[in-house]
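There is one chain below, alone, in structure tokens, taken in the form predicted on its own.
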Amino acid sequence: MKTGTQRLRVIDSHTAGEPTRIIVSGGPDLGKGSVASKLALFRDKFDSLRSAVVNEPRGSDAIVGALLCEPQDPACVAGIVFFNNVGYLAMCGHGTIGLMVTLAYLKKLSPGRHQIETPVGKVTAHLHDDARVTVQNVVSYRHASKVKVEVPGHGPVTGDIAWGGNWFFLVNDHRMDISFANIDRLTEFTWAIRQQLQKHKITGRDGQEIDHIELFGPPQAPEADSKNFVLCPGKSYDRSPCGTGTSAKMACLYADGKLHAGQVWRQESIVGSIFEGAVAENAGELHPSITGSAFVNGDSELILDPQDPFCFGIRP
């Protein structure tokens, strides 16, 4: 990092209640490689910048950060690296929706279809005229079904393992109340599940860590099909219905014959916001799409003063 004071321009937005903070200028030069290689360089050389942006005292555990960068593919309007309070995200559905609204705010794009380069590949996003965005996510699939794990204090818990741009353990059968008033117990339960998955080496494909836990229950909104609670990697819950989590859920529903191509699935979040999802199959691969709304709510400059003992965030 630089030895002098550094200034970063960031745009804050929220997608269905979940905050996104995007560095739009002042960030490091990550070269000309793929966005995946940019993520690796950012993680290896500039991780303190990640912490400075999203951790206290400037941020909070709920904020998902991102670095706007040049895409390697000239067909893409932007490249994006997503991160949070503990590390990096392969893909972020709500963050991509927030990115599109942020780019529109910066007058870098107009309504229509655009391609974004992410660490896990290109995604297509359609910016509508009413702050709504439809993201065509990466190919999603169920990796394993009816996986059982013993959770101390709760007994056996059965769930599916699915990929929606991140790895999820999805649980339908539980005794928890999926309500905002029950967030502390939901957090404790889902964190215990994640710890047991790690302890018993239950993973996604090729040993990849399952770092999101998702519970489902009956919706409160009459137009919704389901209500979820999603625990993110840093032990914070997702205020939105979670774009990658909704993609993973639809992959499981499709595998069970409970969701058909083109059928709309409305997922309600723990705070009552809703994403609309659908899937399409092409050459045996499942392509989910997620539609939601985002709003810019901040345009500011972060000052990184190396004399500040918490310049790069409060970390363990």
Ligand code: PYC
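All of these numbers come straight from a predicted model, not from anything done at the bench. From 1 onward, residues are counted along the sequence shown.
There is also a form predicted in complex with ligand PYC; it is not shown, and the following applies to it.
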| remark: Checked Asp160, Glu214, Glu117, Asp238 for heavy atoms within 4.5 Å of ligand PYC in the predicted bound form; positive is Asp238
| query | Among Leu103, Leu186, Val138, Leu89, which has at least one heavy atom within 4.5 Å of ligand PYC in the predicted bound form? | reply | Leu89
| task | Spot the stretch among 172 to 180, 230 to 238, 120 to 128, 190 to 198 with residues whose non-hydrogen atoms come within 4.5 Å of ligand PYC in the predicted bound form. | result | 230 to 238
| message | At 4.5 Å between heavy atoms, is Val35 in contact with ligand PYC in the predicted bound form? | response | no
| Is there a heavy atom of Val64 lying 4.5 Å or less from a heavy atom of ligand PYC in the predicted bound form? | yes
| message | Taking any heavy atom pair closer than or equal to 4.5 Å as contact, tell me whether Cys242 reaches ligand PYC in the predicted bound form. | response | yes
